[in-house]
Ligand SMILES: NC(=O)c1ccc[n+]([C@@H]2O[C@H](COP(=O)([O-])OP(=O)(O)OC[C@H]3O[C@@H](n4cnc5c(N)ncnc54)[C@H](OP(=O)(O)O)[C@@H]3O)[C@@H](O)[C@H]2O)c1
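Starting off, we have a lone chain in the form predicted alone, written out as structure tokens.
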């Protein structure tokens, strides 16, 4: 199989990390990078070892030697340029969050269906063996019926020039770190919540610095997500059922501090045995990109990431949480179904 030829929109730091991560792949090759500034594109291509550079996003989408687009643009540009990419005949791997509204997410998938192209949301941690083991244990009933899920992600940012702190481009802790936390809940619950409530601390720039939200499900499952730009780095999940508890990190690129593990207590009592399952790690960009290549090549079972339905549910949940922060009132998630 010929490698999937990927073009990168923009020269953001995450694009640099993506290119480095996928470099060893036999299934994909980053063939070109585009910037609105040709000099910037050329310098970025030289720095990252990409063969070609283009001076506009439009030129990249029109390039017949590009099969797919990696879209790491600011959050508010995900919908526009992903839609333009699929209409140009390109498959799209779009950075999280897929969109800043559920309506945009639905429009993106509608455009992809019409064009006959694949569009997927990038969550590298979902391609990791650690995450797949967590999902497998939950799905096979290893801890019984779920009652409580907690998912947290914090990383420190305080530079007001950082794009993550700008409201005009969809910044804030929730749409960045929080999108991972919400997606983890979606993964283990297998559905979106019915209602959310939330509280946040805000930056003076107008985006959330830290957010905590409670997610309520129709069958009584409760989940809590927390995300922050004000804390030391942490990323942790706890999934509690009637007959056991699972705890793990859900890292994009383990190991950090040692091999990735999933810890499970099989039993309802504190004295019940605890098993620690050690799993392989690796670069999540590489695993995700190879999975994306399998999907494009006609092997949908190879895709390890979110389905379109899951990505829309994540977008609805994020939008509902932001509304709950803004209004101070609980929100029905279905209100954002469009």
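Quantities reported herein were computed from a predicted structural model and do not represent experimental measurements. Numbering follows the first chain given and starts at 1.
Note that the form predicted in complex with the named molecule isn't included here; everything after this is about it.
Contact with the named molecule in the predicted complex, judged as any non-hydrogen atom within 4.5 angstroms, is confined among 265-273, 293-301, 30-38, 308-316 to 30-38. By the criterion of a heavy atom within 4.5 Å, residue 255 is excluded from the residues contacting the named molecule in the predicted complex.
The closest non-hydrogen atom of residue 91 lies beyond 4.5 Å of the named molecule in the predicted complex.
A residue is said to contact a partner when one of its heavy atoms sits within 4.5 Å of a partner heavy atom; residue 74 meets this definition for the named molecule in the predicted complex. Proximity of residue 180 to the named molecule in the predicted complex: non-hydrogen atoms within 4.5 Å are present. The partner is absent here; in the predicted complex, the one residue of 169, 155, 222, 189 having a heavy atom within 4.5 Å of the named molecule is 169. Residues are counted as partner-facing when one of their heavy atoms sits within 4.5 Å of the named molecule in the predicted complex; in 1-19 these are 10, 11, 12, 13, 14, in sequence order.
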